[in-house]
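Take a look at this single chain, the form predicted on its own, given in structure tokens.
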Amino acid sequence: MKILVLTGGGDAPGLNAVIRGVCKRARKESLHSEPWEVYGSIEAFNGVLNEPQEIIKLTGKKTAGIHVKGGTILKTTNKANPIKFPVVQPDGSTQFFDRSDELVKKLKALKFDAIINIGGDGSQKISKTLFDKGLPMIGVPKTIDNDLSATDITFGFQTAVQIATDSFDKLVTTAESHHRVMIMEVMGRDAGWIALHTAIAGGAEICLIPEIPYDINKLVKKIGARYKNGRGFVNIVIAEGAKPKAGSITASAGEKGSEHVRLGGVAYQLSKQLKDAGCQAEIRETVLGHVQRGGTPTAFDRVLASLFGVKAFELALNKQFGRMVAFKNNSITSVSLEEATAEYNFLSKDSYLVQASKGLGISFGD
């Protein structure tokens, strides 16, 4: 019996722990029943589509101890969507082609009994399409953004929050020393989970998230209330997808081959808006960027990712295809790929998390 494992989209701490979990559970099963072999496709589906193909056997030696390492030993890419596959043209432009039928044909020829796709919202939509085309797909949710609604939490999120909180703690002391406003920009795309968890953990005065557009004048008033005779300080956490009430997100064109815009730089936009609105305090900006994706996963993410890997193999063992592993109500379970991709996991304005944050004195600028 053969399983193919692949990692797609942005990297996240814990990917290697999932891979290891699948492999260790497969080896244990091989001791008691028919043998299982686990293979990995390099750079998501590119490993299958490339000529020659880049598919490696995941032996015990290759996966030993990898659960403590960030990134993914299988490498990853956000430019390998087989449904919208990017091809750079001679004039430098990019055109997208549907190569899913070609991919299905190649995978069927390789005779894998299960295909485990570890990835976020976009990756699981690909899983759903390929399952509908007859492939034995199983999904594992991965995103530091925590934006998959069918699972209570995704691995990588806690590590990203810990990294952001550690950085925020350092900014608090320098803000206090210099009586400054410190703006720290974190990732999250269209969801504010990382930003708000960091703001609560770090004790931020202001947290700006995509789900709640902010009023710049209310922010200036909030900041002013923190200063007396030029003394005081304010720490702000802003999600990369945050925007003012009368504005839009801060983004640039994505890299060649990417179907997504590139978010980033909103901290500098906010700084300018505050100054233009009359904020008298000194302001400094910090953009964490990809630091949040790197390094050793926290213990929580190692455990969650390992359990996800074991569960993914057991879904394959029981031929429960067309499903995604999920963590719900403190249990490891699974949901259909259709349910997994039905709804984006926005942070609700009416959620207890947001209301409790306001109770802690955190302003959202609304």
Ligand code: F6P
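One rule holds for the numbers: they count along the sequence shown, beginning at 1. Computed from a prediction, not measured in an experiment: that's the story for all the values here.
Here the subject shifts to the form predicted together with 6-O-phosphono-beta-D-fructofuranose (F6P), a form of this protein not shown in this document.
- Three-residue candidate spot I183, E205 and R284; no residue lies within 4.5 angstroms of 6-O-phosphono-beta-D-fructofuranose (F6P) in the model of the complex by any non-hydrogen atom.
- Only one listed stretch (188-196, 213-221, 267-275, 148-156) carries heavy atoms within 4.5 Å of 6-O-phosphono-beta-D-fructofuranose (F6P) in the model of the complex, and that stretch is 188-196.
- Although the partner is absent here, I144 lies within 4.5 Å of 6-O-phosphono-beta-D-fructofuranose (F6P) in the model of the complex, judged by heavy atoms.
- For R262, a non-hydrogen atom is located within 4.5 Å of 6-O-phosphono-beta-D-fructofuranose (F6P) in the model of the complex, even though that partner is not displayed.
- Remark: R99 does not count among the residues lining 6-O-phosphono-beta-D-fructofuranose (F6P) in the model of the complex, judged by a heavy atom distance of 4.5 Å or less.
- Among heavy atoms of K111, none comes within 4.5 Å of 6-O-phosphono-beta-D-fructofuranose (F6P) in the model of the complex.
- The contact residue chosen from T165, N78, T250, T129 relative to 6-O-phosphono-beta-D-fructofuranose (F6P) in the model of the complex is N78, the criterion being a non-hydrogen atom within 4.5 angstroms.
- Residues are counted as partner-facing when one of their heavy atoms sits within 4.5 Å of 6-O-phosphono-beta-D-fructofuranose (F6P) in the model of the complex; in 281-302 these are H290, R293, in sequence order.
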